[in-house]
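Given as structure tokens, the chain that follows is alone and in the form predicted on its own.
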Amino acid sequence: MYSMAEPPSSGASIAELLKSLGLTKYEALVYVALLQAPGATATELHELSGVPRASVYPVLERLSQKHLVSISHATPKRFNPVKPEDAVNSLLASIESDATKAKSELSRIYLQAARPVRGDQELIWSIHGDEQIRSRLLELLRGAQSRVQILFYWDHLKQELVTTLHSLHEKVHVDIITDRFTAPVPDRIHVTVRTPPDSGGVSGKYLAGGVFIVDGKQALVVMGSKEEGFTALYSEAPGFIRLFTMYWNFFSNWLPA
């Protein structure tokens, strides 16, 4: 007969930690009991863990599906735990995978959702924080169906931006205006190199940003500096799109190369 190597309160405390990794209370209690008694039967695990007898087998089955427990073919069946390090790594990998899927699905819903309209107002949305702007921009570009127009002088995001543009469907035409572009350029991406605007003599600061217009229906405008951070405006309003399309055309046609 097995006996608890530690007082029940210790097992319960560890079980609470395991719950934060995605295990239920019963799953956590059974796994902790099995660490203390490798090769135990379901009856022994019931006695060690305090989990009701009728629940032990379903719990062990779920732990097996989560790759935390192995089951022998003996009679009665005996169970062995996966090493704690491997078990925790497996749980963390599952959490990360679920988080990635959730982020992707939530972003898809966000991008496809109709923006609220209030009378004849043209709504413009503010986005603050480098990571929020980065995430919104890349998701916006990935949703392009036919055309992307870009004007940017923004070094710290340039490589990730170029990688995203390369991943777009081949039917999406991309027009870029920038100060320099050294990556290989696919046929469907047209790059115009223009001298950036004068900083106006502002000393010690590098102003950066860009205009990103997708399918002539959505626009994101980013401005800021490394010292002060970045701010973005996003809108699907026709007036907003028209204004920054004219701005993009001005850089394309009038500024010196």
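Note that residue numbering follows the sequence shown and begins at 1. Here the rigid core means the biggest group of C-alpha atoms that line up within 1.5 Å when the two forms are laid on top of each other. In this text the structure is predicted, and so the values were computed from the model without any measurement.
What follows is about the form predicted in complex with the DNA, which we do not show.
Segments offered: 68-76, 166-174, 135-143, 94-102. Contacting the DNA in the model of the complex at heavy atom distances within 4.5 Å is 68-76. Among Ser55, Ser64, Thr192, Thr231, the residue placing a heavy atom within 4.5 Å of the DNA in the model of the complex is Ser55.
For Ser235, no non-hydrogen atom is located within 4.5 Å of the DNA in the model of the complex, even though that partner is not displayed. Proximity of Thr24 to the DNA in the model of the complex falls within the 4.5 Å heavy atom cutoff. In the model of the complex, the DNA sits beyond 4.5 Å of every heavy atom of Gln36. Not displayed here, the DNA is kept clear of Ala208 by more than 4.5 Å at the level of heavy atoms in the model of the complex.
Looking at 34-49, the residues that come within 4.5 Å of the DNA in the model of the complex, counting any heavy atom, are Thr41, Ala42, Thr43.
Once you line up the core between this form and the one not shown, the Cα of Lys77 ends up 2 Å or more from where it was.
Arg53 shows a C-alpha shift of 2 Å or greater between this form and the one not shown [criterion: core-superposed Cα displacement of 2 Å]. Fitting the two forms on the rigid core leaves the C-alpha of Lys19 displaced by at least 2 angstroms between this form and the one not shown.
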